[in-house]
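One chain comes next, on its own, written as structure tokens: the form predicted alone.
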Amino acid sequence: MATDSPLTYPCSLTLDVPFPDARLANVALQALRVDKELSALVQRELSAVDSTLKVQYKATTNRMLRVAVNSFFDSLALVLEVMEQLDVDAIEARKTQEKTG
């Protein structure tokens, strides 16, 4: 006899991704939150606190956690690359920072 027991998520990971400022952390948050997790075996929560993107993952197995986090890092790498190429404010801030320090 099958039971409809709720899923448990014993595997978890919390990531804090620092950004140069709060605006860029929020841009990353907005870009990444549109992609929902494809599996009900994984839960993800995204938030931006000051200049840090906070990511919390919960999964039913280590394998599902690894797959989800790998996919997230691929998406994050793309967001960072686009920011670096197209965000004029970030580029100017980086040039100023390189000159002064």
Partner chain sequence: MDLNKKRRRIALGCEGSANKLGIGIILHEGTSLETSTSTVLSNIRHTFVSPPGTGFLPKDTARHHRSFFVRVALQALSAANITIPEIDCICYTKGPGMGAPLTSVAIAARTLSLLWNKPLVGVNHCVGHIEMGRAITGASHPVVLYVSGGNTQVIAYAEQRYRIFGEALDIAVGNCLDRFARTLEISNDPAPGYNIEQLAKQGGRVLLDLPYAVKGMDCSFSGILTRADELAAHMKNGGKGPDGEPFTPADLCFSLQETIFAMLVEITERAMAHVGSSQVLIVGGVGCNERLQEMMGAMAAERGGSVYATDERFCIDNGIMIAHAGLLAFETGFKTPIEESTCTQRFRTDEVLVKWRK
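Positions refer to the first chain, counted from 1. In this text, all values refer to a predicted model and were calculated from it rather than measured experimentally.
Keep in mind that the form predicted together with the partner chain is not shown, yet the notes after this line are about it.
**Student:** Any chance 17, 47 and 58 all have a heavy atom within 4.5 Å of the partner chain in the predicted complex?
**Tutor:** Negative, none of the three is within 4.5 Å.
**Student:** According to a 4.5 angstroms non-hydrogen atom cut-off, is residue 11 in contact with the partner chain in the predicted complex?
**Tutor:** Heavy-atom contact with the partner chain at 4.5 Å: absent for residue 11.
**Student:** Please check if residue 40 has a heavy atom lying within 4.5 Å of any heavy atom of the partner chain in the predicted complex.
**Tutor:** The answer is no: residue 40 has no heavy atom within 4.5 Å of the partner chain.
**Student:** Might residue 64 be said to contact the partner chain in the predicted complex, defining contact as any heavy atom within 4.5 Å?
**Tutor:** Outside the cut-off, so no.
**Student:** Can any non-hydrogen atom of residue 53 be found within 4.5 angstroms of the partner chain in the predicted complex?
**Tutor:** Heavy-atom contact with the partner chain at 4.5 Å: absent for residue 53.
**Student:** Does any residue in 60-88 get within 4.5 Å of the partner chain in the predicted complex, counting heavy atoms only, and if so which ones?
**Tutor:** Residues within 4.5 Å: 74, 75, 78, 79, 81, 82, 83, 85, 86, 87, 88.
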